[in-house]
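One chain comes next, on its own, written out as structure tokens in the form predicted alone.
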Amino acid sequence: MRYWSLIFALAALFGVGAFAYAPFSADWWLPNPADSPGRAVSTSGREIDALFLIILWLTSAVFVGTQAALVWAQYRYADRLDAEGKPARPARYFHGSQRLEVVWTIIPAAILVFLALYQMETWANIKFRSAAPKTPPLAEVTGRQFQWVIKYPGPDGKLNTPDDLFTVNDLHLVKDKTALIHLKAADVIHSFFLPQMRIKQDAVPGMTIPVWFDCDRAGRYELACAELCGWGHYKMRGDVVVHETEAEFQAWQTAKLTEQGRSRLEPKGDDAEGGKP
């Protein structure tokens, strides 16, 4: 029986090693740019990573404590037989311990309350609509089986007008500039997921959900659907391109508008006169 305690001890040591390794090589367990291990590329991403690490340290402490108690109990109370082949120490049974039950109920409850309060500010900054930036939306993103349809305002700067720019699975934004998108779903529930920026939000049919985020490193990142939405779910994988400057983003948008023939469309009505009556 004592051999089993050694096996459990090895498993515990492996788990402790994983806990110890994870904070110093975050790209091992969270997606990050290849040349920037351990670092998210957005402001909210770094706050979320910090919360992950707090939870990791708490759970690792509980894990180490319970595993140590388990291994010690297995080793200490392993079966031993006397000269007649009978248990040298017969088991004793008792009916619970109210004091112990109260302790192991209060401690986890206190930890959960602490986590709920500690993460509230981060959650509010990312999810509460009252915290949404007071800026025009960068784009409207609609999830449908099985692609992300992205609509940008055209030259008139407004969505849902004839000069809108459309792309599929291709989201562009500018570095160090908060991007606000309007998230929709055309058929079933999808989940808008930017792993390197730690952003994930369900897209629900019939709802327009504001989602905002930033990125402090130019480059190409992943856009995925994190909700199993049908047989072609795997196809909902796109790109997020972060431009270094606003001018670079405008140049890309102008080229795409020309490619789609949108630049030839003139704004109608008041928009054609620059908003004058």
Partner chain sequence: MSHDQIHPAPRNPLTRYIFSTDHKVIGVQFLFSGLIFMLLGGLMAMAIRWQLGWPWKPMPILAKWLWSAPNLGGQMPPEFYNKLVTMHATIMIFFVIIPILTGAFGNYLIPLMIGARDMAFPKLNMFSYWIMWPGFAFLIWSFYVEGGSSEAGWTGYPPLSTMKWASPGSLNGQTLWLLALLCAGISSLSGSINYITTIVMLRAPGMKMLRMPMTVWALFITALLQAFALPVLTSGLLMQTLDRVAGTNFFSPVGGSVGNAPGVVGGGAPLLFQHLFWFYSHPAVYVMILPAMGIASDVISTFSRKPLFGYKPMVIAMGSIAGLGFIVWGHHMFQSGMNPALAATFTVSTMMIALPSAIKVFNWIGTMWGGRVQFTTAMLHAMAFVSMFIIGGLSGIFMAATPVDVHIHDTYFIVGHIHYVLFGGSMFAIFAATYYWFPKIFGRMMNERIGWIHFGLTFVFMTGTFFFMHVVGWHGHMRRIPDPTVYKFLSEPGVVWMNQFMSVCAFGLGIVQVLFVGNFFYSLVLGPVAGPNPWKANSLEWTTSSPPPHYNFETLPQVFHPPYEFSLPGSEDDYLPQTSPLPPNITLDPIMA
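Computed from a predicted structure; not experimentally measured. Residue numbers count along the first chain shown, from 1. Only the largest set of C-alpha atoms that superpose within 1.5 Å between the two forms is called the rigid core.
What comes next is about the form predicted together with the partner chain, which is not displayed.
Partner contacts here mean any heavy atom within 4.5 Å of the partner chain in the predicted complex, and among 131-139, 153-161, 117-125, 168-176 they occur only in 117-125. When the partner chain is considered in the predicted complex, residue 249 lies well away from it, no heavy atom lying within 4.5 Å.
Contact between residue 181 and the partner chain in the predicted complex is not found at the 4.5 Å heavy atom cutoff.
Remark: residue 43 does not count among the residues lining the partner chain in the predicted complex, judged by a heavy atom distance of 4.5 Å or less. Although the partner is absent from this view, residue 241 stays clear of the partner chain in the predicted complex, with no non-hydrogen atom inside 4.5 angstroms. Taking the partner chain as it sits in the predicted complex, the stretch 86-113 comes within 4.5 angstroms of it through a non-hydrogen atom at 87, 89, 90, 91, 92, 93, 94, 95, 96, 97, 98, 100, 101, 104, 105, 108, 109, 112, 113.
Comparing the forms between this form and the one not shown, the C-alpha position of residue 149 differs by less than 2 angstroms, with the core used for superposition. Once both forms are fitted on their rigid core, the CA atom of residue 89 lies 2 Å or more apart between this form and the one not shown.
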